[in-house]
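Next up is one chain by itself, shown in structure tokens, the form predicted alone.
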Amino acid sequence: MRAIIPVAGFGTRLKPHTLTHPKVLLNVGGKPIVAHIIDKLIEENITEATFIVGYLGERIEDYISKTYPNLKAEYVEQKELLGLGHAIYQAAPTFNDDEILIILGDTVFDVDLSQISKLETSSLGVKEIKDPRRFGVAELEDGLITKLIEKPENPTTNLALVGLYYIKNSNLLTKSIEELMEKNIKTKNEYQLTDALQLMIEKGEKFMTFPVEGWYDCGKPETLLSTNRFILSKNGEPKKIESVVINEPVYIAPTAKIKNSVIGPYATISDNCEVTDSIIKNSIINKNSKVERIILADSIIGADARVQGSHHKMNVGDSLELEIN
């Protein structure tokens, strides 16, 4: 089975960080978002993956090739952001197996992938959402999906599609996306994967659902921080540093230097960071940054930044030098 991972999005809601970094390379819980996805695939012996890249795609390819040399990775470019269906169509030439697993690249999942490949029909990951209007939703009858609707104004179901798609018949998926584009069928001015899947249902393909309870979005600063909290709660490692109070869970990179500070809970301190005389909680400090004499909460500090001062909430991009008196 091959994984198909769209990572071409710009990440507008995560500016200023995405001005200089692809969204999927932003740090959460001690490593890039996409690394959490790839590690999960490798755990389940899924060793072939296609990445659909766009903005700063060469950085994504460089990171993956260096970090995962044994992953059989292919890269295709989505030159125009015309929707998720269009993105998946760019990867169609790499569908060398009939079955594929599509995983959205800006979301961290806590799900047993080994059970998905045992399913007898194409299946979509779903979660009950109180207000699913910004998602695709699935209507069911006798355990089978009868209708898929992208971003409905008045949803008739609260089963939201969360970005995991197990497709048995990738050839039919390709033909269905082609039909969307040939007939110029768009929703919200984009070629939607949900609409292509609906065409597959109408052509006789059976779809079921599987529950995804652990689903963590990384698309906005507040959701990136909440995902960071989840990952640290699950994977945080105990640390002891002289002159430093550590309130677990935290992630502190081995190369980070911390003095006279309080770290945590829910703080990620990345490679080669320096933190002095500070209190940091529920925050992500990216690599090579210096933080001095400050109290930070609910904050994201970009790479190569310098922050000094007193208690503030910040969303600071890369290569910025900031001093607050």
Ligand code: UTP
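Numbers follow the displayed sequence, beginning with 1. All values reported here derive from a predicted model rather than from experimental measurement.
In what follows, reference is made to the form predicted in complex with the named molecule, a form of this protein that is not presented.
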Check: So which stretch, 181-189, 166-174, 228-236, 73-81, is the one near the named molecule in the model of the complex (non-hydrogen atoms, 4.5 Å)?
Finding: 73-81
Check: in the model of the complex, which of the listed residues (I145, A91, V137, L104) lies with a heavy atom within 4.5 Å of the named molecule?
Finding: L104
Checklist line | the named molecule contact in the model of the complex: G9, any heavy atom under 4.5 Å | finding: yes
Notebook entry, point to check: Within a 4.5 Å heavy atom cut-off, is A87 in contact with the named molecule in the model of the complex?
Noted result: yes
Notebook entry, point to check: Counting only non-hydrogen atoms and a 4.5 angstroms cut-off, does K23 reach the named molecule in the model of the complex?
Noted result: yes
Notebook entry, point to check: Is the gap between K313 and the named molecule in the model of the complex 4.5 Å or less for some heavy atom pair?
Noted result: no
